[in-house]
Every structure is written in structure tokens, then in C-alpha cells.
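A lone chain, given as C-alpha cells: the form predicted alone.
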């Protein structure tokens, strides 16, 4: 049925603010970044812009950048896998095993990280994980032997901080998929003699796959370019990743064209990863 002219005007009036905001907040900054990535140097001194591909070539010529990008991708995969392994059981408990006030209390614990500033969360972990910190003193008080725990400025500290920040995304998206799962399918499989492992592998995981994949994408994409957790919890040694190098180009070195070029390379890699997951997501939804 064709839409009337009045309906078209109403729809355009409803959706135009959102698209105007997307244009102003996303596409215009990206266009500016793309422009800077092709400059040989930032024209802050009023000189005429000179276009060049040297900063993209620098990524190909310097193994440091490629190594840091691969290191960041590995970090994203590690954090995503941990979030999925921890988040799926939590989502299952919320969706199928508890009701009423207990569910509300657990939901409150899940979304609690969203109520605090990210900087506060990271520094809280710094207080917990440092040597002679709260965690070490607590373990010393409980265990009969001395505990020496100093995870600050290490790779595990970065992973812990990132998992804490992004785990709620996996729990919430997986919960929505599990909540829509018909319990009669599980009961029918159990009545036919299927083991729990078979039910999990053949029924629950395929039906919950859209939520799991969506949560994994919401975790992987920001983690690959993360800056705050690696910088504070990892320090200079263990916290140097691709995102921190990009930040340094803008804030410390003031080489904006190189930072923009590295940013667009990261964007291309992330889009390629999303393109690889798109067929799996479409297959899971059918």
C-alpha cells in the first residue's frame, strides 16, 4: 500500500532529527578525520595542505604498528571470549532460573557499572589490584599464608578492567534471546531422553546465538581501540596497544594525520571483522 503524501511528511519529520544528529555527530567528524589522514602534515600554521599517502604507507613499513594492531585484536578476542563464557551462565540464570525480586536484584548488579563513570571504575580496580591493596590485604586476612598479589601494570589487569566494563553488554543481549526461548522445546527434548549437553548444543545455543553474537560484537569493537583501561591498568609496558598509540599521536606527538590514518586502518579492520560475523548472525536468525 502506497503511503499518502501526508504520511511521508510525518515520517520524514519523525526520522529527520535522528539522521541530522547522526550526520553531525558521526559522518562530519569521520569526514574530517579522513581529510586529515591524507595530509602530509597538519596545516595548523596556515600553510597550504599537501596531500599524501605517507601515513598509510608508514603503517605498512613499520612492524610496530602492525604488531600493536594484532596485539589489540588478540586483546579484543580474549576479552570477548571471557565475557561470553561468563555472561551466558549469568543470562541463563536471569532468564530461566529466578523470578521476582531476586531477578530485579541481579539485574541491578548487572547494570551497576553503567551508573558509574568509566574513570572511577578503572581507578577502583587500580586500588584493588595494586600491591598491598585491598584485595591483597583481604586475602591475607582470610588465608593462613602470606599472599603477594600485585597485578597492576600487567596484561591480566587490563583484561580484568575491560571484562568488568563490557560484560553487561553480553549478559543483556543474551538474556533477551534466552527470554524468548520457549521452555516447551527444552521440556520436549528432555522427555525424549536428550542429555543436557545435547540440549545446550543443539537447542539453546543456536536459538540464543543472535544475542550472543550481538553481545560479542558490542564487546569486541570498543575493546580493540580501548585506551583508558590499558593506559591506567597496564602502564607503559603492558598497556601499550593500538588505541593508546593513536591517542599519543593526537595528544602527545600532535601528528594528527598519522593518528587519523591509523584510526581509519583500525576502522577498516573492525568493519572487516563485522563483515565476517554478519553471515553467522543472519544464519542464526533464520
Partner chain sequence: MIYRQLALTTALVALTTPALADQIRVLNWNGYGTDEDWAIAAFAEATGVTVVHDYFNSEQELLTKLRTNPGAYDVVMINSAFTPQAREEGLIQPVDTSALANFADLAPNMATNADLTHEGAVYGVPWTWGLTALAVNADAFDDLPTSMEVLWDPDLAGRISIRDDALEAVQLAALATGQDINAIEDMDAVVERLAALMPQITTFWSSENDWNQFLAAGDFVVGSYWSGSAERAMGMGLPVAFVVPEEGAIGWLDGLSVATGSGNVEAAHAFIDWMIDPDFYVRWAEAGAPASANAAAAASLPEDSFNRAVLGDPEVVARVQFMQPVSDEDRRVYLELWQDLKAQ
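Numbering follows the first chain given and starts at 1. Computed from a prediction, not measured in an experiment: that's the story for all the values here.
One more form of this protein should be noted, the form predicted together with its partner chain, which is absent from this view; the next part is about it.
A.B. asks: Consider residue 40 of the chain shown here, and say whether it contacts its partner chain in the predicted complex, taking contact as heavy atoms within 4.5 Å.
C.D. replies: Output for residue 40 is no: heavy atoms all beyond 4.5 Å of its partner chain.
A.B. asks: Indicate whether its partner chain has at least one heavy atom within 4.5 Å of a heavy atom of residue 68 in the predicted complex.
C.D. replies: Result yes; residue 68 sits at the interface with its partner chain in the predicted complex.
A.B. asks: Applying a 4.5 Å heavy atom distance criterion, does residue 55 contact its partner chain in the predicted complex?
C.D. replies: Residue 55: no, not in contact with its partner chain in the predicted complex.
A.B. asks: Test of understanding: in the predicted complex, would residue 245 fall inside 4.5 Å of its partner chain by heavy atoms?
C.D. replies: Yes - in the predicted complex, heavy atoms of residue 245 and its partner chain come within 4.5 Å of each other.
A.B. asks: Residue by residue through 240-269, which ones have a non-hydrogen atom no more than 4.5 angstroms from its partner chain in the predicted complex?
C.D. replies: The stretch 240-269, when checked against its partner chain in the predicted complex, contributes 240, 245, 248, 249, 253 at the 4.5 Å heavy-atom cut-off.
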